[in-house]
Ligand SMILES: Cc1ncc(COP(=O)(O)O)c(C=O)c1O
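Before any questions on how it binds or moves, here is one chain, the form predicted on its own, in structure tokens.
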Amino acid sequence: MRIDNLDTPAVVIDLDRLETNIARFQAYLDRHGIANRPHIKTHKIPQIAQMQIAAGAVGITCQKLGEAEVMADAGIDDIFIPYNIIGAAKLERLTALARRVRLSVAADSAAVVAGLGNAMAGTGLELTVLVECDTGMGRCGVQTPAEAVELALLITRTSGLRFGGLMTYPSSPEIGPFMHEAVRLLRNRGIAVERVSGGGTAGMWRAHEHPEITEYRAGMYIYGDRYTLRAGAMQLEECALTIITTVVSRPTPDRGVIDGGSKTFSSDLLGLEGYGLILEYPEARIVSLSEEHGVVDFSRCSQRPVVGERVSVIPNHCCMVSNLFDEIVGIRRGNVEVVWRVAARGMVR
């Protein structure tokens, strides 16, 4: 089947670009002696995770237990969940997962550590726990290196747990002083720091500028999107993911409507103008979305599409798109080569 025969809206992946993106970032990390632990929330597809591991990744990162369970079912053995696991139901699932795969998690408080310790009690398992550090994101994480040390000490004293290192997001200039001091303080207490996990596609080519980082978690580098382009982490010709849509209405000379709305692109703006880049009409703006309609302003364009014309859109945020579609189509030179089920779609628990 040719790409022109796909019904729309459809998410398509250029397989040549996908493979090149995986290989290029892996080679960069290898050159700098940094382990690659890609974030699968971008694609949620076990086959792509297996491609990343085959290229040299040490394991994967999953944001939620549901994602990790899907990946474990696919035979992936080394999984990091950099998320606070809270509540009896999730801790029961975490224990079951720890029996199946090499698992590590993150924690940023004594309450989270206590829950993890209680879950591991009497199981004969030892769960690796990294301390999450807030180095500027303003989300989760201990606030100072001294707090990181205190939580690491608590982990070492908790039966069934082992201290596995430090993690943060994103990798920003603030990471250096924070991690350097935290590592120094921990070593002064006789505690080794085997992993310092950083992440973020926007800053991925600067990972080597942070000597404390031993592994890196990036997700969007495989696909690319408008956010990644604005960050300068990828070029347009490297973007592997596009959404094929059809122009279904031209009610005025300047306005068009495509058959993709918030259920196709998501409503993420991320500080960008409009909801996607139309490759055939780059001056156009997708100005608003309802659930199944995307309204496009073509007033800046010298040429404008007709009803029934198909257009290719690079979305603002590729991770959100993956979670909106049941399947992704892999193409090579215009031919459909594979259709992947988005197996971890909707796994938010």
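The structure displayed is predicted, hence computed values, not measured ones. In this text, residue numbers run from 1 along the sequence as written.
The following text describes the form predicted together with the ligand, which does not appear among the structures shown.
Exercise. Report whether all of Gln63, Met167 and Ala218 sit within 4.5 Å of the ligand in the predicted complex, measuring from non-hydrogen atoms.
Key: Every listed residue reaches the ligand in the predicted complex, so yes.
Quiz item: Which residue among Gly274, Gly261, Gly117, Gly200 has a heavy atom within 4.5 angstroms of the ligand in the predicted complex?
Solution: Exactly one residue meets the criterion: Gly200.
Practice problem: Could you tell me which one of His293, Arg285, Arg304, Lys41 places a heavy atom within 4.5 Å of the ligand in the predicted complex? | Solution: Answer to the contact question: Lys41.
Exercise. Considering only heavy atoms, tell me if Arg189 and the ligand come within 4.5 Å of each other in the predicted complex.
Key: Result no; Arg189 lies far from the ligand in the predicted complex.
Quiz item: Is there a heavy atom of Arg99 no more than 4.5 Å from a heavy atom of the ligand in the predicted complex?
Solution: So Arg99 does not count as contacting the ligand.
Quiz item: Hey, in the predicted complex, is Pro145 touching the ligand, heavy atoms inside 4.5 Å?
Solution: No, Pro145 sits far enough from the ligand in the predicted complex that none of its heavy atoms falls within 4.5 Å.
Practice problem: Using the partner position in the predicted complex, report whether Pro82 sits within 4.5 Å of the ligand, counting heavy atoms only. | Solution: The answer is yes: Pro82 has a heavy atom within 4.5 Å of the ligand.
Quiz item: Can you pick the stretch from 210-218, 148-156, 274-282, 118-126 whose heavy atoms fall within 4.5 Å of the ligand in the predicted complex?
Solution: Stretch 210-218 is the one.
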